[in-house]
Ligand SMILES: Nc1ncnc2c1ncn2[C@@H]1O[C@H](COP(=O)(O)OP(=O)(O)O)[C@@H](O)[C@H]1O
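Okay, so here's just one chain, in structure tokens, the form predicted alone.
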């Protein structure tokens, strides 16, 4: 990782008897797209507000570019913000909205004009420079707000759920666009969201938060493929979570009423230790009955989703169930399967994690 643009040391926040953010140490690299991800009330917005200066930390220090800024007001920190509401001035044109902060800073007119031109090009709105916000679509207004946030080239831009007001199709398009723009301008983005897809799509790294604590920090593939606890496994995407006991010296799991299935864990635990088996639906594959290592299950419910089939199957007596996602065309005879039919499955041990927290 690059040298940190933001460094938080033992940072925490309490409101009376309520601990909103437990002590956290965190470094965010220069030019990194970093997401803070978690459900409502997890502390992610409070953490962002301590970085911006809207909240004063109860303990710890906030550093921007190596400088402690705890006592600096927001306006004196080298950062900018982008919110879901956009907060555009309705009486100003697109170009004037982008230029507003530059004019407040009293930059030379020629420099302002050049920066506005660059900002318009970045968000591909040159042809709408003279329009007012009420003449724009939601996606276009979001682009104007982003151009205004980055045009002054702050060291850090904080984005608080900026795509929340857009429809699903436009949100997906803007996820790709935001990442492109961030790479192009070379500014550290800190993105606060509860949307796992947004975080996985755009981020270089993600911090997953719950109940005021950081549960895991890592690259999107690490967070998804190697969750460190049950919360992360359940919160990020879809995941089968089955209570098991450790078997095979941490290389398998024992499902009550069924038997041993492949699994893998970080570290070692004694056989018989209680754990949770975490395996993603798309990592479970259909198998032939005579295939080595095939696991026999019973079909409970087949669901056609268009581009895929979702099968719910039961292990053993049926108390433990698995969800399987199979691309359309690869389901074989199971597409017309009836509840109660045998279904044979397989998965790689490295795709099934044993979690103890």
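Positions refer to the first chain, counted from 1. All values derive from a computational prediction rather than experimental measurement.
The same protein also exists as the form predicted in complex with this ligand; that form is not shown, yet it is the one meant from here on.
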* Asked: Would residue 29 count as a contact of this ligand in the predicted bound form, using a 4.5 angstroms cut-off between non-hydrogen atoms?
  -> no
* Asked: in the predicted bound form, does residue 43 have a heavy atom within 4.5 Å of this ligand?
  -> yes
* Applying a 4.5 Å heavy atom distance criterion, does residue 316 contact this ligand in the predicted bound form? -> no
* Could you tell me if residue 60 has a non-hydrogen atom within 4.5 Å of this ligand in the predicted bound form? -> no
* Asked: Out of the stretches listed (32 to 40, 61 to 69, 321 to 329, 292 to 300), which one is close to this ligand in the predicted bound form, meaning heavy atoms within 4.5 Å?
  -> 32 to 40
* Structure fact -> Looking in the predicted bound form, the residues of 13 to 29 with a heavy atom no more than 4.5 Å from this ligand, listed in order, are 15, 18, 20
